[in-house]
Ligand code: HEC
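Take a look at this single chain in structure tokens; it is the form predicted alone.
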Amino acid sequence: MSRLERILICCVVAYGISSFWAPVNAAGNKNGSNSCVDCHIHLPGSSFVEVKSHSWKGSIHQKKGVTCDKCHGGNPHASDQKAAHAGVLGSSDPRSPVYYKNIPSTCGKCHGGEFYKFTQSLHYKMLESKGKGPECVTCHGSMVTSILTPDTVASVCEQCHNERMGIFPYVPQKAKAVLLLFKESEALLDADRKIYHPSRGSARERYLREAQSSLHAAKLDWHRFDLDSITGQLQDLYSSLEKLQSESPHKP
């Protein structure tokens, strides 16, 4: 590849990144207004739809420019109420993108890695075959405004995993312990990243990359709910950090 070709590719990539991260307006759009947001954002918040609309404000979805129509359908460019709601189906309609069994695939349009891992889980198989089991909203809320903590994950798991129902009642406390380990591992990696500043191509840089890769794999595996696999990934992370710390700073 010639130098000119490399420069052209860099320009195209830079333009794509700048376009993707273009500032969004109050409606969450990069360009122009969105009738869904423009209308719902001014509702008083006394009904279910209005409460959900207000929950969207300040959410990660708003910050990323993901507006109502991305999940619910409709025409965000129409000013007429009927035209704007054309094609929008209630969440109880099996054809709706936000019908509880369809939520994973709807979220998966953006969160592909997490969706793929979730489809490998027993939870997903139960959801598909019997209509029972958790989906994305169970843990994150419809606006992705909640991230499970070690304490909250146990209470969520206990809805099904308890002595009364007899479905692996040990799972809530095990999930809590694994998530605690995950949070501690994440904090340790972050600390080591700030302490060490390895040169490019060095062994230390490789160990940091390996630890980061293990953390990312554990995060994805969380959506498969394989707690033993997650623990294994975190053990790999600790192994990489031990190598990082034992590596002599005088070595290349």
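Predicted model only: the values in this text are computed from it and were never measured. In this text, residue numbers run from 1 along the sequence as written.
We do not show the form predicted together with heme C, though everything after this point is about it.
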Item to check | Contact test, all of 177, 207 and 217, partner heme C in the predicted bound form, heavy atom 4.5 Å | outcome: no
Next on the checklist: I'd like to check something about residue 107: if you look in the predicted bound form, is any of its heavy atoms closer than or equal to 4.5 Å to a heavy atom of heme C?
Outcome noted: yes
Checklist entry - Should residue 188 be classed as touching heme C in the predicted bound form when contacts are defined as heavy atoms within 4.5 Å? => result no
Checklist entry - If you check in the predicted bound form, is residue 194 within 4.5 Å of heme C, heavy atoms only? => result no
Next on the checklist: I'd like to know whether residue 101 contacts heme C in the predicted bound form, with contact meaning heavy atoms within 4.5 angstroms.
Outcome noted: no
Next on the checklist: Just to make sure I understand: among 124-141, which residues lie within 4.5 Å of heme C in the predicted bound form, judging by heavy atoms?
Outcome noted: 126, 133, 134, 135, 136, 137, 138, 139, 140, 141
